[in-house]
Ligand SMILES: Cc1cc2nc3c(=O)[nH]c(=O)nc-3n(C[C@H](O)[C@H](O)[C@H](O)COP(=O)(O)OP(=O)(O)OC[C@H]3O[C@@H](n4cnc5c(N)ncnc54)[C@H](O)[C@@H]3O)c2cc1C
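Only one chain is shown below, in structure tokens, and it's the form predicted alone.
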């Protein structure tokens, strides 16, 4: 017999655990299945989370799991490979080890993957001193030299953004963009240096970033490197249900993919909700947690409606 739950939450990050906590407190039977590969694992701390500023990401997740368990929710480690509707409004969730569980509703919070440019050393330092979000890391590198590696037109926007935290910003164009004269004027007005030529790799001393190395051999000393990653939704489970990720744009440029949903996280498939980065690539940890709570309230309300309908039908059949 396969175990059955009212809600199965796929993904145990801030969004998933927040949703599971609310649903467990609503006296729903809840299972969280987490693959154990959080996007922010390389980061030392989370930021802009009121009351938890500077908390290590792993510590926040451990606290979240304990809180869910305290209200009767279950958390297990595993990778969900697919989910299928059973025709009666419920779903069968299949794990990589062959185990399967049943659910009346699904909350998918699988997040996204950051796809980085193929520059040696970049991926190894991602989330440490190779960065993308000034709201996440700007304070920590304030007043230090920062290099923005252009991967597309949004690099100019990034350079101007990071200028708020430091007056030592260098934009490395590579072959990704060619700024217009107006854009050059804007960069110059803010004191942002512009360098032609391609970056060959990172210069690392000990376990600290020291700068970037050009193909010419020249090294530019830096405390941090900023790069725009492509945000790819972890949408495999949702695709198995027939949902496809769609392109997301910023300032007219595609920045990644996400699963479409309404304001509550409901998708085009009845009974399936999403929350966090899988549907909102801009969501920080606190935003994802709030979205998980929002989706949980919608799911509980939806189940209440179904429970009431079933109770009426049962009463009328007596």
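Residue numbers count along the first chain shown, from 1. It should be emphasised that the depicted structure is a prediction, and the values quoted were computed from it without experimental measurement.
Just so you know, the form predicted together with the ligand exists too; it's not on screen, but the next bit is about it.
This chain is drawn without the ligand; in the model of the complex, the residue among 59, 249, 262, 37 with a heavy atom within 4.5 Å of it is 37. The contact residue chosen from 31, 285, 258, 272 relative to the ligand in the model of the complex is 285, the criterion being a non-hydrogen atom within 4.5 angstroms. Exactly one of the stretches 42 to 50, 66 to 74, 22 to 30, 263 to 271 approaches the ligand in the model of the complex with heavy atoms within 4.5 Å, and it is 42 to 50. For the candidate spot formed by 152, 163 and 228, no residue has a non-hydrogen atom within 4.5 angstroms of the ligand in the model of the complex.
At the 4.5 Å threshold, heavy atoms of residue 168 stay clear of the ligand in the model of the complex, well away from it.
Contact between residue 114 and the ligand in the model of the complex is found at the 4.5 Å heavy atom cutoff. The ligand in the model of the complex is approached by residue 237, whose closest heavy atom lies within 4.5 angstroms of it. Using a 4.5 angstroms limit between non-hydrogen atoms, residue 79 touches the ligand in the model of the complex. Applying a 4.5 Å heavy atom cutoff to the ligand in the model of the complex picks out 126, 127, 132, 136, 137 from 122 to 137, in order along the sequence.
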